[in-house]
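Quick setup: one chain, the form predicted alone, written in structure tokens, and binding and motion questions come after.
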């Protein structure tokens, strides 16, 4: 199923110009759409503030953000309010059961697992539940993609309860380390697609 089938969760990139014709004088109060290269700097600015200030590391640096938005923009999701990016998720495809160091930089186009690299919320909009809402919408969107079977991510231990509330389960300690940081690997099983097509509007 194409990205078009994922509406109303996301608006495909090619529809933006058509949609904007009816919005010449106003911006939508709230909009979810896949990200483009034009969004890369805004993405990195939010990510840098969210992660470097806490851990000293970024999941994706600017060249890596551009790399994934070039290869697989359909696996990203941005939340915009009045045209301003307030939260985002960036993912890519992976083709193994567990994440390895290669998963940090590679997109495997024939994989059936989505590796969620990063979820970040602008500091002005934190503690409003936006991260949970964005993750819910992203997972609903993944259910509309027939090639996706699982979603995986790695996070620091203090974030495990947050992702558990979104339905992720602990897979175990990640083999990946970044400097002194260690991570827990988590997965989300995307259920049967026939069921989801009947019940999710795909």
Ligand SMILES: CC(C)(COP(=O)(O)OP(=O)(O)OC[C@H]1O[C@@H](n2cnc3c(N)ncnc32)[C@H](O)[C@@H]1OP(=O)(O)O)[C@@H](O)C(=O)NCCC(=O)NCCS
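Since the model is a prediction, treat every value here as computed from it, not as a measurement. Numbering follows the first chain given and starts at 1.
Keep in mind that the form predicted in complex with this ligand is missing from the display, and what follows is about it.
Although the partner is absent from the chain shown here, 120, 129 and 132 each have a heavy atom within 4.5 Å of this ligand in the predicted bound form.
At a distance threshold of 4.5 angstroms between non-hydrogen atoms, residue 69 is out of contact with this ligand in the predicted bound form.
By the criterion of a heavy atom within 4.5 Å, residue 169 is excluded from the residues contacting this ligand in the predicted bound form. When this ligand is considered in the predicted bound form, residue 45 lies well away from it, no heavy atom lying within 4.5 Å. Within 4.5 Å of any heavy atom of this ligand in the predicted bound form lies no heavy atom of residue 175. Checked against this ligand in the predicted bound form, the residues 147, 136, 61, 162 give one hit for a heavy atom within 4.5 Å, which is 162. The contact residue chosen from 50, 142, 40, 155 relative to this ligand in the predicted bound form is 50, the criterion being a non-hydrogen atom within 4.5 angstroms. Only one listed stretch (69 to 77, 92 to 100, 121 to 129, 108 to 116) carries heavy atoms within 4.5 Å of this ligand in the predicted bound form, and that stretch is 121 to 129.
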